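In the form predicted on its own, a lone chain appears below as structure tokens.
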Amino acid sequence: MTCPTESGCNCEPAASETVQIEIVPQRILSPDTSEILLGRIYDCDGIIRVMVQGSRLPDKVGYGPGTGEKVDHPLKKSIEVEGQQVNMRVTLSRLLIEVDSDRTADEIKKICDETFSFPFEFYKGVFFKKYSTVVDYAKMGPEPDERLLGMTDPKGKLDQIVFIEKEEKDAE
């Protein structure tokens, strides 16, 4: 398969036809609500990748009178997702999810309706990059992991990305 732009390049798309959704709660989620929401989302079949976006929760004060002091923020906690402890480095204020079908997207919308007691926005569209970018090439080389395309921050470090792999359920 070649590039859909018909520009003559030989770039390859990252994945086949999938559904990408964006969930934007009208409030910043607490770690407890984030844990419940992410746990229920990861229980769905057909989840390909999930990206949490929000304001950074720093470890130390970066400037001002308290420079270097430890930040004790009430939203900076560890949560458990799929049996793995994850340190919250950002507040959950936007969630991007790639799933394999519209049925899974509808299931996630239902989960959000049940979990949130406040309004939220739910969009379907294209939110993840489909092709390797210059930043992806610079950070990961010519053969990047397709799951990471477009998920790296130009100023960030690759070790800040947290992988949560779904465990295969035994079919008995």
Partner chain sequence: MAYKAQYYPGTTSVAANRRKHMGHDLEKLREISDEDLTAILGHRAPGQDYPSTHPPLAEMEEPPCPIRELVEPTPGAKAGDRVRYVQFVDSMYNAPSVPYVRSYYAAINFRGVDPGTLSGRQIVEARERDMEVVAKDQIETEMTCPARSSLRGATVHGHSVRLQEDGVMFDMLDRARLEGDVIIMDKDQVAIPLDRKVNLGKPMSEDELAKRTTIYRVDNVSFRSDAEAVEWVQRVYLQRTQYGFRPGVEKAQ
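Positions refer to the first chain, counted from 1. Note that the coordinates shown come from a computational prediction; the quantities given were computed from them, not determined experimentally.
One more form of this protein should be noted, the form predicted together with the partner chain, which is absent from this view; the next part is about it.
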* Find the only residue in 50, 36, 57, 44 having a heavy atom within 4.5 Å of the partner chain in the model of the complex. => 57
* Partner proximity in the model of the complex: residue 135 to the partner chain, non-hydrogen atom cutoff 4.5 Å -> no
* Partner contact for residue 93 in the model of the complex: the partner chain, 4.5 angstroms, heavy atom -> yes
* Look up in the model of the complex whether residue 77 has a non-hydrogen atom within 4.5 angstroms of the partner chain, and give yes or no. => no
* Asked: Should residue 81 be classed as touching the partner chain in the model of the complex when contacts are defined as heavy atoms within 4.5 Å?
  -> no
* Asked: Taking the partner as it appears in the model of the complex, which of 102-110, 66-74, 36-44, 126-134 has residues with heavy atoms within 4.5 Å of the partner chain?
  -> 66-74
